[in-house]
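Have a look below at one chain only, the form predicted alone, in structure tokens format.
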């Protein structure tokens, strides 16, 4: 068990206790842990599996299947780019390519300075303003490469 996980374990145990009796509780537990810690620590898999009478492989399989779940700490700012059809039809691929080049990372990665994590999502419900992104949960529409650069610069300035 890592030193970080020793500090995080009470959070994991609290989430487990709050959801353990709930039917279909694995996803709510994973969401609860990630909502509280920003990611699901690898050491938590054994505790989750034991509490739910599942194998570690079953828990890991669910974590790795859903792109939303992180197994590493996120950057200070989490950028999510919508990859749904509406955003793709409005030059979303151009925005994706620009974002990965500008940040120097691919989806599901974090910049070396730990400032930005880049994630893909498959609908933000902002289709009328495609392409759309979120930064730290705030939604932005009609995002061009130039607007993306401005939003990232604003995040850097806020640090």
Partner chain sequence: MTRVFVSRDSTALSLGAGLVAKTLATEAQAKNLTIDIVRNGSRGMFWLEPLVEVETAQGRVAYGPVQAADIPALLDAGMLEGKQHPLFLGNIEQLPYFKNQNRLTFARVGITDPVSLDDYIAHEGYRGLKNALAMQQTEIVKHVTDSGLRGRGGAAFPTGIKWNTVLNSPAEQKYIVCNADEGDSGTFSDRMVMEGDPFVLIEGMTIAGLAVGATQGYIYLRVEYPHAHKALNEAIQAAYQGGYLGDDIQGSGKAFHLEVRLGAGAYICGEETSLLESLEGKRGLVRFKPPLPAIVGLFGKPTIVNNVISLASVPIILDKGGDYYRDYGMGRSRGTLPLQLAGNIKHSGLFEAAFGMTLRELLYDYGGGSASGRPIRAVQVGGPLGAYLYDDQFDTPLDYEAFAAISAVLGHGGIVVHDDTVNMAEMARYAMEFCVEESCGKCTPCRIGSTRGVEVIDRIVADIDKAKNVELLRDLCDTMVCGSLCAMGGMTPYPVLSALNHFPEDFGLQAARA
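The term rigid core refers to the most C-alpha atoms you can superpose between the two forms while keeping them within 1.5 Å. Being a predicted model, the structure only gives us computed values, none of them experimental. Numbering follows the first chain given and starts at 1.
Missing here is the form predicted together with its partner chain; even so, the following discussion is about that form.
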Query raised in the report: Would its partner chain be touched by all three of 78, 103 and 107 in the predicted complex, meaning a heavy atom each within 4.5 Å?
Result: no
Query raised in the report: So which of 90, 99, 51, 37 reaches within 4.5 angstroms of its partner chain in the predicted complex, heavy atom to heavy atom?
Result: 90
Query raised in the report: in the predicted complex, does residue 9 have a heavy atom within 4.5 Å of its partner chain?
Result: no
Query raised in the report: So in the predicted complex, does residue 140 come within 4.5 Å of its partner chain, heavy atom to heavy atom?
Result: yes
Report task. Give a yes/no on whether residue 86 approaches its partner chain to within 4.5 Å in the predicted complex, heavy atoms considered. Result -> yes
Query raised in the report: Taking 4.5 angstroms as the cut-off for heavy atoms, does residue 62 touch its partner chain in the predicted complex?
Result: yes
Query raised in the report: Which of the residues spanning 108 to 140 lie within 4.5 Å of its partner chain in the predicted complex, based on heavy atoms?
Result: 122, 123, 124, 125, 126, 127, 128, 129, 137, 139, 140
Requested in this report: Spell out whether the Cα of residue 77 moves at least 2 Å between the shown form and the other one when the two forms are superposed on their rigid core.
Outcome: no
